Every structure is written in structure tokens, then in C-alpha cells.
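Quick setup: one chain, the form predicted alone, written in C-alpha cells, and binding and motion questions come after.
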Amino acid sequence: MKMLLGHEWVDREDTIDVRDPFDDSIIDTVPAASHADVETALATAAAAKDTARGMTTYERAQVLNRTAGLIADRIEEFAETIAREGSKTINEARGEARRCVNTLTIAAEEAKRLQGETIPFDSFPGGEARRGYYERVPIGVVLAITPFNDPLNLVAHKLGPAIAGGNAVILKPATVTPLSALKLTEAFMEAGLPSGVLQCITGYGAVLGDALVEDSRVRMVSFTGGVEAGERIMSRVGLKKIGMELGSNSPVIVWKDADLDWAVETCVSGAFWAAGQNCIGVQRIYIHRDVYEQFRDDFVKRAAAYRTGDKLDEATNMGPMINEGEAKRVERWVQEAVDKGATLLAGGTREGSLVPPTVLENVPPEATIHYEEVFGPAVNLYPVDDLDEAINAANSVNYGLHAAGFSNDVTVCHRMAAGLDCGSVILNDSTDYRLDSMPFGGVKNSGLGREGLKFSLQEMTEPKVICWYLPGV
């Protein structure tokens, strides 16, 4: 596929192979953009920001709705692209494509809700003859940098509010999964988005990243990825707005009065969705000792029944990791935990990029898989006796995106909701739940700011005050 640069779809002599992580076959190639291409993208976006700003609210909403409609008409086509270039099974990919339709539809609705307020200038002496208000205006140029694990919907979560707010956007999708982003870009252009308002530049982050984030023409960087990359961006970004979602190490507390069948079912799904490559995936589960053995045995049984393999096979529960290198990393972390005293209850092996659902117990706190984000199909189980102990253990790592708790006791649920240090607490469901319209983000190393259409739209616009002095009023 070609990339959208400047005002046209272009190719380059240097290309990047996009490979299916299941069998390493080449699906397509995309251009490997250069530093010269970065300058073209920046200059085009800077010129197009006035075009974007000049679009009426109605026009922005119409483009977003038409784009959503195009995707809705091509769900299977988008789903196959998601599944082929990434880790998701075809069923998981269909779910992501449907969510993208919802995300863009909400963005269109939020474009019409972008409002200001009147300001009581007479609330302080000297303001009696003043009247005014504030409105929200576009920030200008937004740089959107997206990850591989949700190659369509996480792109929509950046493009939707950026366009709803009247901004020009430069999109840099993940190098390994650019096809879904390019297809979404095509849909936006087919829906009538003015030329130059959106560009999608493909290539290596090491080549393009610094030049994009450092440039003063970019007024906001919206990034989803890892902590290390986030810290590098922060060191180079300069004076511009930042939105970052940097992952997590999500904890779950299962109390003794919980519905165990439901807790097991949802936590297994939450741990192994998209081969565990999920920023809100279940990683650490703290289970009351009275029900620990029952939960553990049921969890292991259900995890072991997962069918891994061909993503396009309707019967497959879990596909491969994004590449063999990542699979080897998870295998290495599991072995390190076992070497330090953990017990392997399921999985732990690897075949190419396929890692089966892996379950550990007795994981020591010094094991990497305990305190870092595994971003793979591995989950740790821990028995606990006391609710404060469970909450403190859940909060003990330097992440805080989602946490979850299971209990039929309202008081216990309130204590978990109050005590868990994170951006969202999900009660009687796993951490792997997100409504696309809710505020989404975390604390500690999990990031800065909030996504979710309404909240991203606030980040991607600025308040502008208009004040009249009206003598004699």
C-alpha cells in the first residue's frame, strides 16, 4: 500500500514488508519514509490547519459519520486486515472493527457538543461593564503515534477527536501493523475529508520519531505505546501538549463471596485476549485464600482448553504474538520467574511466535513478570487473606491503568473502588473492559491525560476567551 503524504498517495523505493506473525508470510509492503518525507508532512499539516479549522461543526460530523458508515459496510474486509497483520483472531478483529464504527460515531456526536460558557466578568469590581464567554478552538496540528495491538480502533481514538476538534493530523502507525491505519485513512478521504487535513506516514520510528515530535509546528503529541518510548518522547517534545497511554500491569482482586464461575470466565478472557497484548489485560490476580484452590484449578482448566493457532480459523481462541522476538521475551520472563521460585501451572512453552495461555503461582516480587507489563499471554495468581493486603499488593507496582475486583458485598466493592490506585476500577468484571466514550488513562507509569472521545476532544482543543467592554451597560 502507498502512504498518504502531502496531498497524494505515494510510494518509495525503500519499503517495509508487512508480515503475518502466524506464518511470517508477506502480506503487503509499505513505504519507508525518509526525513525529507517528514518535512513534507509537517509543512502540509501546518498549511492545512486553517482548512481544518474552517470546517463547520456539521462538516466535521458528516465526515466522521460517513467514515463510520464506510467501515460498517466493510467490516469483514477491515477485520481480515486486522487479523492478518496483527495478533488478533478473526473474531477478535471483527469486534475491533465494530468498535471503530462506534468510536467514529461518538466522535461525530461529540463534535456537536463542543461548547463554551459565558463568563461572569462582573464577579469582581471593575467588570460591571464587561460581557463575554469562552469557546473551544482547534489546537492546530496533532501528531498521532499508534501501537500494533489495536491497529484500527486506537487509530480512530486519535483521528476521531482530532478531526472533530478541527485539527490537522499526521498519523504515524506502528511499523508492523500499518495496513489498518492506511485503510482507515482511505476511508476518511473517501468520506470527503479535505486534502492535507490527514496524512498517514509509514516508516521506522527510529528514523521518523524525533523529527516529528520535536518540530514546533506540532502542537500536540498523542502517543500510545511503552514507557521507554514515552520517556524518550518526553525528553524531546518541547513546549507542546502531551497525551500518553503507556500500558499497565493490571491487578484483579477476587473476594471469597464472588461469583467464581463468572470471575474465572472473564479473567481468562481478559488475560488472553489478543494473545495478552492488551494494555488493560489481566496480569495479576489476588484471590482470597478460602476460594484460591477452586479459582486456580478452574482458571487453569479453562486456560488449558484454549485453542491457539491460525487466526483466520473461526475455532481459534488465541493467535500468535506480534513476532517471535516478543514471544521469546515472554518465554524468558516465565523461565526467570520459575528459576526464582514460581510454579508453572499451564503453558510456558513456545512454538515460533505462538505462546499458549500461561499461568503461574508463587511468583516472587523480584521477578520481572511480577512488576513489569508482560504484554503477553501470561497471568500470575496470588492467595491473600485480608482486603487491605490485597489492595496494597495490587497497588505495589508502578502502573495504574485499570484494576478490577469481584465481590457480592457492596462494602467490599466500595473499599476496592476507593483503595485501588488507577484510572479505572472495574467491579465484577475483568480489567479488560473499556467503553469507547469513557475517560481512559492511568496514573504512575501508565501515562498522562485521558482518552475517550469527549476527553480527547478537550485535550485537542483550547479555550479562547472573548470579552467585551460595553460602557453604559
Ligand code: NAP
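Bear in mind the structure is a predicted one, so any value in this text is a computation, not a measurement. Numbers for residues come from their place in the sequence shown, where the first is 1.
The following text describes the form predicted together with the named molecule, which does not appear among the structures shown.
Colleague: Which one of these stretches, 286-294, 299-307, 199-207, 115-123, sits within 4.5 Å of the named molecule in the model of the complex when only heavy atoms are counted?
Modeller: That would be stretch 199-207.
Colleague: Verify the flagged residues 225, 248 and 440 against the named molecule in the model of the complex: is each one within 4.5 Å by a non-hydrogen atom?
Modeller: Yes.
Colleague: Within 4.5 Å, heavy atoms only: does residue 106 come near the named molecule in the model of the complex?
Modeller: No, no contact at 4.5 Å.
Colleague: Can residue 149 be called a contact residue for the named molecule in the model of the complex at 4.5 Å between heavy atoms?
Modeller: Yes, contact at 4.5 Å.
Colleague: Would you classify residue 258 as touching the named molecule in the model of the complex, given a 4.5 Å non-hydrogen atom cut-off?
Modeller: Contact with the named molecule, no.
Colleague: Should residue 373 be counted as a contact of the named molecule in the model of the complex, where contact means heavy atoms within 4.5 Å?
Modeller: Although the named molecule is absent here, residue 373 would touch it in the model of the complex, with heavy atoms inside 4.5 Å.
Colleague: Quick one: from 344, 191, 229, 75, grab the residue that has a heavy atom within 4.5 Å of the named molecule in the model of the complex.
Modeller: After the contact test, the surviving option is 229.
Colleague: Which of 83, 154, 169, 252 has a heavy atom within 4.5 Å of the named molecule in the model of the complex?
Modeller: Of 83, 154, 169, 252, the residue with a heavy atom within 4.5 Å of the named molecule in the model of the complex is 154.
Colleague: Could you run down 271-287 and flag each residue that has a heavy atom within 4.5 Å of the named molecule in the model of the complex?
Modeller: The stretch 271-287, when checked against the named molecule in the model of the complex, contributes only 279 at the 4.5 Å heavy-atom cut-off.
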